[in-house]
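Single chain ahead, by itself, as structure tokens, in the form predicted alone.
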Amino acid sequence: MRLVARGRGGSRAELARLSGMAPSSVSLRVEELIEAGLLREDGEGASRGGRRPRRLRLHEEAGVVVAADVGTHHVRMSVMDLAGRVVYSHELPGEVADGPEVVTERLRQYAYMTLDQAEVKHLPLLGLGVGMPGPVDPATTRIVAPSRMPGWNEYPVGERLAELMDVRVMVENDANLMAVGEHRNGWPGCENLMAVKVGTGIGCGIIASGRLHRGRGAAGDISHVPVIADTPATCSCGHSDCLEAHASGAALCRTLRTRGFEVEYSRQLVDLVNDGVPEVTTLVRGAGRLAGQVLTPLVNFFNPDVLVLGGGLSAAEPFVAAVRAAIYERCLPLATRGLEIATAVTGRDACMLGAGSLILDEVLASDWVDETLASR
């Protein structure tokens, strides 16, 4: 099922080759999965000299998952089928500062609303994948010491949602999910990727040797790396001159408000840059330079194939150009040889797609397939 879901096992012959099983055993198991309504076999694949194989795919009626990307001021929701195809998606209002109990109940309501609007309430809901704008302990799915989410520390958001909805729940940091979403949908052939999300806050997700690298929950957290800036700034973590205190959307908006600009969100910053407002453009370019200052040693250290820039500020060309300039100017030539620095291929859907991918991985790795076969 996982091989078919990833597009690697599109025929019985391919499944036999990849699994090492006898073709007769593969055919028997494929027939069982088709009879159980988990696989479909239709169309014809490319011939390799013999009879053209029929193509396998996961059955769209077998079940769905819901993916949620919780932002500081919004929630993006989608319904995906077993193959990871987006059936329906939309964006809804929501402040993460409302606190864990309010946000958790909101997610429950939004999930069922999204299923209703996607017209798939008749299909089994197999899981919920949630991206959060703060550190997540991969062992417990609890939010750990978030600097911009008061009241959330050690909150068991995964356990609570599982209780409320009686489904499998996966919770992960949003930058990690952006890395997964970009890797699987934009750069599937790349083994090593860094995805930097710069919106209200700043985060970074790492794909190492084709897999998400979580560490113990803090891997890729660049938001509190100290930077050299012209004017001092105290970060929400209590330290001075962290990257997030100078280069995040929240920090730039705060600075601009002291100069008479009415800005609250990163999107408004980008609009002002696109309108050619010099003061805002200069500030955004400076934020890109600081981000590049932090990323330069990391590119040298990790030597990725791709550095993806996402989040609200990635839509501002002066920010992206400043990051590129800093990295190419200061990195070792060997570290940047062949390096691609690009904006997110999947755009604002990256985290949501990553959440859907990881919860589908958990569903297909669980006992659900065996239980479905047994129930038929």
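Predicted model only: the values in this text are computed from it and were never measured. Counting begins at 1, following the sequence as shown.
The protein also exists as the form predicted together with another copy of the chain; that form is not presented, and the subsequent description refers to it.
Participant: Out of the stretches listed (205-213, 281-289, 261-269, 96-104), which one is close to another copy of the chain in the predicted bound form, meaning heavy atoms within 4.5 Å?
Facilitator: Selected range: 205-213.
Participant: Would you kindly say which of Gln117, Asn274, Asn303, Asn185 lies with a heavy atom within 4.5 Å of another copy of the chain in the predicted bound form?
Facilitator: Looking at the other structure, the residue within range turns out to be Asn303.
Participant: Would you mind picking the one in Met113, Met165, Ala229, Ala219 that has a heavy atom within 4.5 Å of another copy of the chain in the predicted bound form?
Facilitator: It is Ala219 that has a heavy atom within 4.5 Å of the partner.
Participant: Just checking whether Arg330 would be counted as a contact of another copy of the chain in the predicted bound form - the rule being heavy atoms within 4.5 angstroms.
Facilitator: Output for Arg330 is yes: heavy atoms within 4.5 Å of another copy of the chain.
Participant: Determine whether any heavy atom of Lys121 comes within 4.5 Å of a heavy atom of another copy of the chain in the predicted bound form, and answer yes or no.
Facilitator: Result no; Lys121 lies far from another copy of the chain in the predicted bound form.
Participant: Quick one: does His224 come within 4.5 Å of another copy of the chain in the predicted bound form, counting heavy atoms only?
Facilitator: Taking the distances in the predicted bound form, the answer for His224 is yes, it comes within 4.5 Å of another copy of the chain.
Participant: Should Cys242 be classed as touching another copy of the chain in the predicted bound form when contacts are defined as heavy atoms within 4.5 Å?
Facilitator: The answer is yes: Cys242 has a heavy atom within 4.5 Å of another copy of the chain.
Participant: Are all three of Gly199, Ala321 and Ala344 close to another copy of the chain in the predicted bound form, meaning a heavy atom of each within 4.5 Å?
Facilitator: Negative, none of the three is within 4.5 Å.
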